[in-house]
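Coming up is one lone chain in C-alpha cells, specifically the form predicted alone.
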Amino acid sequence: MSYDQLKLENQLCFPLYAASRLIIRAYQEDLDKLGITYPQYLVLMVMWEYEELTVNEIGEKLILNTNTLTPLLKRMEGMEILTRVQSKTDQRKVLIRLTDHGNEMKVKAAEIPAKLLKKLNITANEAEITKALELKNQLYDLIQLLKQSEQTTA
C-alpha cells in the first residue's frame, strides 16, 4: 500500500498552518508594543467594530469556543482592556465592552495592517493587492466550506 496521502507535501492543512504561524510571527513585534497576543488582537478588532457583544457573539465571529474565549477575555479584563458584565435581561449572557484603554489602543493598532503588508513586500501595486485579496477571498470560501462540513457532521 502506498502512503503518499500521508506525505507532508501532499497536505492541504500544513501550508495553511505554516502560513498562519508565520503571519502571526510577523505581527508579534507590533503586538508586543501593545502588550497583547494575537488572539487578544483579534478580540480587539471585533470589539472596535461593535460597542457591545456577548461572549457567544465574539466566539462566532472568531470561530472560538467559549471555553477558549472566556480565559482570554478574563485576562483582557485584568489588563483593563475590556469589561465583562452580566446581562440584565438574561443572566446566562455575559456582555463585553471595551474600556477607554481598549478603545485608545485602536489608534496605535491602526498602523499594524500596513506594517504587515510592508513586511510581506506587498506594495500598492494593483496586481499584488488583487492577488492578496483573491487569496483572502479563497480562504474565506474555505472557512465557509469547513464550517458547513462541521455542521453537517455534528
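All residue numbers refer to positions in the sequence shown, first residue = 1. Keep in mind the model is a prediction, meaning the values are calculated, not measured.
Separately, the form predicted together with a further copy of the same chain exists; it is not shown, and the next lines address it.
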* Asked: Can any non-hydrogen atom of residue 85 be found within 4.5 angstroms of a further copy of the same chain in the predicted complex?
  -> no
* To do: Verify the contact flag for residue 35: yes if a non-hydrogen atom of it lies within 4.5 Å of a non-hydrogen atom of a further copy of the same chain in the predicted complex, no if not.
  => no
* If you check in the predicted complex, is residue 29 within 4.5 Å of a further copy of the same chain, heavy atoms only? -> yes
* Asked: Is there a non-hydrogen atom of residue 106 within 4.5 angstroms of a non-hydrogen atom of a further copy of the same chain in the predicted complex?
  -> yes
* Asked: For the stretch 2-19, which residues lie within 4.5 Å of a further copy of the same chain in the predicted complex by non-hydrogen atom distance?
  -> 3, 5, 6, 7, 8, 9, 10, 11, 12, 13, 14, 15, 16, 17, 18, 19
